[in-house]
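Just one chain is shown here, as structure tokens, and it is the form predicted on its own.
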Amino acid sequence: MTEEKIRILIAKPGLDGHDRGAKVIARALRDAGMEVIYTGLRQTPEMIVEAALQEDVDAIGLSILSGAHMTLFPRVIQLLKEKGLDDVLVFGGGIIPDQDVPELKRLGVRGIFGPGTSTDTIVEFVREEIRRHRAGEPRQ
């Protein structure tokens, strides 16, 4: 039996104009055999969630360097819930202060990856989270 391919949306919310990190992650996930949709720069939370709905993704990776993560990440999660997509894995990366991580995780961001995190770590995180979800295991 062939395992269903993981579909991931990589998005750059807000006014951040730097996407090198997002592109590196998108390529690493694609090289690991996942289907990756990259939204491009300056996406609103509404645009991101609409793309996730249209593309029927398993996960959304948000990349943010602008400092607006405490506004944009919770908005994406709220919109996902409103659209009935609260089972979509949300993870993020970029410049996110350590003191903000517990609150983001409490809100539903499953993983936060800062500068210097290896792409292998992110690939394995996504694989394991999606495997657990598909197996019906509770998220920890």
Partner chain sequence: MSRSSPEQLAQGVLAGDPRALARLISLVEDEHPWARAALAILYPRTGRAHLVGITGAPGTGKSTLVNEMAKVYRRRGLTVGIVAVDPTSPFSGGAILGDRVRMRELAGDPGIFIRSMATRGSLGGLARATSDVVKVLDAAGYDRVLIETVGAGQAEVDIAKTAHTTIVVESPGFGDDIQAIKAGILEIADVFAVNKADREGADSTVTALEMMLDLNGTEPGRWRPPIVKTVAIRGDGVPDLVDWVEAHHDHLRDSGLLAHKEEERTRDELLALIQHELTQALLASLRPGELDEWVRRVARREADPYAAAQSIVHRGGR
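Numbering follows the first chain given and starts at 1. None of these values were measured; they are calculated from a predicted model.
This protein has a second form, the form predicted in complex with its partner chain, left out of what is shown; the following refers to that one.
- In short, of 92-100, 23-31, 60-68, 106-114 it is 23-31 that has heavy atoms within 4.5 Å of its partner chain in the predicted bound form.
- Although the partner is absent here, Glu137 lies well away from its partner chain in the predicted bound form, with no heavy atom inside 4.5 Å.
- Though the partner is left out of this view, Ala51 does reach within 4.5 Å of its partner chain in the predicted bound form, counting heavy atoms only.
- Among residues of the shown chain, Lys83 is one whose heavy atoms approach its partner chain to within 4.5 Å in the predicted bound form.
- Contact annotation: Ile77 falls outside 4.5 Å of its partner chain in the predicted bound form, judged by heavy atom distances.
- Taking its partner chain as it sits in the predicted bound form, the stretch 27-48 comes within 4.5 angstroms of it through a non-hydrogen atom at Arg27, Arg30, Asp31, Gly33, Met34, Glu35, Val36, Ile37, Tyr38, Thr39, Gly40, Leu41, Arg42, Gln43, Met47.
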